[in-house]
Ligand code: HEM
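Okay, here we've got a single chain as structure tokens, the form predicted alone, with questions on binding and movement later.
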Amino acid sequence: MALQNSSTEYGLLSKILHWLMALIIITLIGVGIYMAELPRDTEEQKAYAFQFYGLHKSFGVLVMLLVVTRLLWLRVSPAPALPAVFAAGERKMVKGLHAILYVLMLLLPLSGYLMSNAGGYPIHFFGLGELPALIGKSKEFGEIAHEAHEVMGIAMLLLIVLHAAGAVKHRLKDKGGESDILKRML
């Protein structure tokens, strides 16, 4: 299998980045929902919650790094074009969905980073060191960033479901034919 993308199939690096990011992002959304419900009444519960927050932040930063890597890789090795059997409207919808997903993959972790900074909490990247704060402590900005993070997380989840549903629809409809775009990423 080639490292680079071809005109009809994604290469090994694109496949690894896609599935690794999918796994991390879906896990982050699930963990984010779980963290929102964690009790923080006792010191033990607070310490437990902060362990989750630390990992959530580290993986969020990792997602930002992987998205940038993926976008740079697409400049070097462009994605295969959509099959000619796709209608013009469907092509626009797929390209729009991908664009929104990329924007959310950048803005969602950035909003979490800013929310943490605004709350006065540092971000330690997997225990390797503390990342620089982009902004100072601000309760008002922290609340805005928190709300944005939550809304974008829900939007991301919905778009992931739509993205997967579209791939499965074409897989079942075409059973390995030209519009079966899932086979290009497997």
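Nothing here was measured: the structure is a model prediction, and the numbers come from that model. All residue numbers are counted from 1 along the displayed sequence.
Here the subject shifts to the form predicted together with the ligand, a form of this protein not shown in this document.
Taking the partner from the other structure, the ligand in the model of the complex has no heavy atom within 4.5 Å of any heavy atom of Ala118. Taking non-hydrogen atoms only, Met93 never approaches the ligand to within 4.5 angstroms in the model of the complex. Ile123 belongs to the set of residues with a heavy atom inside 4.5 Å of the ligand in the model of the complex. Proximity of Val85 to the ligand in the model of the complex: non-hydrogen atoms within 4.5 Å are absent; the residue sits far from the partner.
With contact defined as any non-hydrogen atom lying within 4.5 angstroms of the ligand in the model of the complex, the contacting residues in 96-130 are His98, Leu101, Tyr102, Met105, Leu108, Pro109, Gly112, Tyr113, Met115, Ser116, Ile123, given in sequence order.
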